[in-house]
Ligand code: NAP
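Here we start with a single chain on its own, the form predicted on its own, put down as structure tokens.
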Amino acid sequence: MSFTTVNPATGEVVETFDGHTPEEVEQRLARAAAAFAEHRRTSFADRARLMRGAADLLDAEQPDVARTVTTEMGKTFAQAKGEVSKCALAMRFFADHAETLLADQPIESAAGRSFVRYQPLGPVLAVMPWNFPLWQVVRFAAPALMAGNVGLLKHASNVPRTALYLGDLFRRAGFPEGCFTTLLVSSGEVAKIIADERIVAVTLTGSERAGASVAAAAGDALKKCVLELGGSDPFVVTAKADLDRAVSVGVRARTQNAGQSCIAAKRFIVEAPVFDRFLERFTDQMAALRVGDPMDPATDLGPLNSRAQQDEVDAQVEDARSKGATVTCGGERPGGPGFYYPPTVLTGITGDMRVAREEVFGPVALVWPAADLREVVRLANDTPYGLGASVWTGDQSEQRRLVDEIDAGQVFVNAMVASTPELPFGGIKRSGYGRELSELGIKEFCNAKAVWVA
């Protein structure tokens, strides 16, 4: 199998790579197992030195790496540079804090002394998507390597250049060969790799279907699994919100990465007294965004990732339109080269529309009115997903109620949902299970060993 980079801005093939043969995969698995036997014994100080070296390389190579990301998946060059910087920040966070996060935890008991010790599990397979091709790998790799594990990366098939760069990055930073390895293999080979006795756990960021497949394979092999899947995040605006700020942040929360983010705001639920004003201002600002060449600094939105992604978003909008939804801006697929789609706002959403139950992975915002706070909560939770939520109100009692009653892995108050090294990241319901980042994330792939000293 070959892996091809297609520039989403033009539709042109940039480069093609040969996949790894079964013999090459076997060599990489053997090297990972051997590397773990040594890496687990290294000190936190040694691991931190190497991790900071990787961060330094990212910073030094930021423009070139960002250009690769933009060429492979279409995000604007400015956003790609921001992704590179965020990865370096996370590497330094775990370099600085891993030893403290994984320190022995004393436990009161009848023993003379008892505690929990956190120790690495071994080689972990990471199955990762294309939309944040650096960040979603690093938010696994930085804590996992700092904990003493080693990683093998099966990246999305359309970002092979980024995948190979990541494998080379850790090697150049000084990590021993096998500590982090890229595998150019098809999705069909993942279950076999999970079943290999040298793999101890697997983490996936991706679609529900991919998550179900990986979880089934991990379950068959009785191996630990962490899943970060889709989201249809609510963006709640009450009558007591700062409306101007909610509108401007809402536009950014929906259209970052051309709307191709699991934690992008997708369902805007607005209390009735401010609904009309919100919709008017929100529509105007969405319509004013500039769609174009992702390398142009004036561009707000680049193309979608692929022709298939463009087809899917267009089909979801057309389904809603045909069933009575109102399109207040956008909604027309452009002609010409590239996989572009305009910022789009839909109202009048009903339960029989695909957009009401599916994740829309593109710059399409769904706007609902809500009569009161009770209906706000009902609509926010009326989704099979539970990844993130953004709530906007200046009333502290409303803030407490919305934080308590909205079903999500994270709730951001008067801010857009984001992932940051200090906080755990993950979802509930069909958005997956387990956590990345923070103390919880670094411990996901550790053995919590109970120690009793008489």
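Model, not experiment: these values are computed from the prediction. All residue numbers refer to positions in the sequence shown, first residue = 1.
There is also a form predicted in complex with this ligand; it is not shown, and the following applies to it.
- Annotation: in the model of the complex, residues W130, T205 and L229 each come within 4.5 Å of this ligand through at least one heavy atom.
- This chain lacks the partner; the member of S213, Q285, T328, Q316 within 4.5 angstroms of this ligand in the model of the complex by a non-hydrogen atom is S213.
- When this ligand is considered in the model of the complex, only one residue from V190, V249, A356, L164 comes within 4.5 Å through any heavy atom, namely V190.
- Although the partner is absent here, S157 is a contact residue: one of its heavy atoms lies within 4.5 angstroms of this ligand in the model of the complex.
- At a distance threshold of 4.5 angstroms between non-hydrogen atoms, M51 is out of contact with this ligand in the model of the complex.
- Contact annotation: F412 falls outside 4.5 Å of this ligand in the model of the complex, judged by heavy atom distances.
- Interface membership of T181, defined by any non-hydrogen atom within 4.5 Å of this ligand in the model of the complex, is ruled out.
- The partner is not drawn, yet in the model of the complex one stretch among 135-143, 346-354, 102-110, 115-123 has residues with heavy atoms inside 4.5 Å of this ligand: 135-143.
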